[in-house]
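Take a look at this one chain, the form predicted alone, written out in structure tokens.
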């Protein structure tokens, strides 16, 4: 028996063993990643409802042209763009300022850093519920504090004027720590001897920030903005929990509308087409960021 095993092992080459171990992995990747992508791309060119037992009907580019001609979908693109711009800008500057503060040596710095990154450890659903209760018009703690200092109550999640800003506030609270962490990593990588040399030359604080800190931080800050932009474009969970896309459709971002098309209206083909348009936008923006990052590295 042992001789049979030895002869079989001798016949199997290293390349064959490589294929034996890798093929199941490729099979899983094809089944879990490639097939859903290819199938959803095909569905985007069809009229199909996942809840009806009928095969997809090929309609060419009709779903795409219907999306581009629909002013309500363009409005949702505007809502998504407003959310992305506001959250990314606020998180960028707030995270960078907090990182500059935490980069200094002071008592309790470690505890303060831990407290700043805590929001990232909570589930988005829990955070959404948390902010929804705090922003409640009648008994939320935020309105309680506003009334206490003489301001009127605000319908944070129920008014057209403030619903989007309530989502921005919640998202900034969750993801600013991400910017803090990456900024801190960048600040800690700046060689100390450059600051010491600048001190010898009696350089100003602005000079050290402009010509030492910023050039070293630029690549990692660009990467942080790239990650946050991509993540903000697929913003869904807090919308689902806090506002449900309302009032009206004032907080319906594109990912939330894709969810509604797919699972509320059962228009699977059109939702697939909209998902691919969003994917193309994210890829295009990512390429812009990556090209800028490469230019910064070559500079």
Partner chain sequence: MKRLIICVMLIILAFAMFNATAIAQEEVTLTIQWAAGAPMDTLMILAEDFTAQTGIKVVGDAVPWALYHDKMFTDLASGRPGFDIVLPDSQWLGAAVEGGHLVDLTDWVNENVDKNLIFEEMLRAYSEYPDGSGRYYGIPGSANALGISYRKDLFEDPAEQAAFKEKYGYPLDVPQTWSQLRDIAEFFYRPEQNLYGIALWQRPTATAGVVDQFLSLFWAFGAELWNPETRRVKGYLNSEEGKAAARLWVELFQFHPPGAAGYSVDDTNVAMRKGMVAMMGTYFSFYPGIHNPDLSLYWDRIGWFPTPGEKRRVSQLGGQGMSISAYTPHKEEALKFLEWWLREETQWKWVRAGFFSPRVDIIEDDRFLEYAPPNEAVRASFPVLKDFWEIPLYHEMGTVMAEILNKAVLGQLTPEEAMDLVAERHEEILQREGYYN
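All values reported here derive from a predicted model rather than from experimental measurement. Positions refer to the first chain, counted from 1.
Same protein, other form: the form predicted together with the partner chain, not shown, and the subject of what follows.
**Student:** State yes or no: in the predicted complex, is some non-hydrogen atom of residue 211 no more than 4.5 angstroms from a non-hydrogen atom of the partner chain?
**Tutor:** Contact with the partner chain, no.
**Student:** Is residue 130 close enough to touch the partner chain in the predicted complex, meaning at least one heavy atom pair within 4.5 Å?
**Tutor:** Output for residue 130 is no: heavy atoms all beyond 4.5 Å of the partner chain.
**Student:** In the predicted complex, does residue 112 have a heavy atom within 4.5 Å of the partner chain?
**Tutor:** Taking the distances in the predicted complex, the answer for residue 112 is no, it never comes within 4.5 Å of the partner chain.
**Student:** In the predicted complex, does residue 188 come within 4.5 Å of the partner chain, counting heavy atoms only?
**Tutor:** No, residue 188 stays farther than 4.5 Å from the partner chain in the predicted complex.
**Student:** Are all three residues 72, 244 and 247 in contact with the partner chain in the predicted complex, where contact means a non-hydrogen atom within 4.5 Å?
**Tutor:** So, yes: the whole triplet contacts the partner chain.
**Student:** Just give me the single entry in 50, 34, 41, 230 that has a non-hydrogen atom within 4.5 angstroms of the partner chain in the predicted complex.
**Tutor:** None of the others qualify; the residue that does is 50.
**Student:** Of the options 265, 68, 26, 58, which one has a non-hydrogen atom that comes within 4.5 Å of the partner chain in the predicted complex?
**Tutor:** Result of the distance check: 265.
**Student:** Heavy atoms within 4.5 Å of the partner chain in the predicted complex: which stretch among 84-92, 130-138, 216-224, 104-112?
**Tutor:** Partner-contacting stretch among the options: 130-138.
**Student:** Out of 151-185, which residues reach within 4.5 Å of the partner chain in the predicted complex, heavy atoms considered?
**Tutor:** Those in contact are 153, 155, 158, 160.
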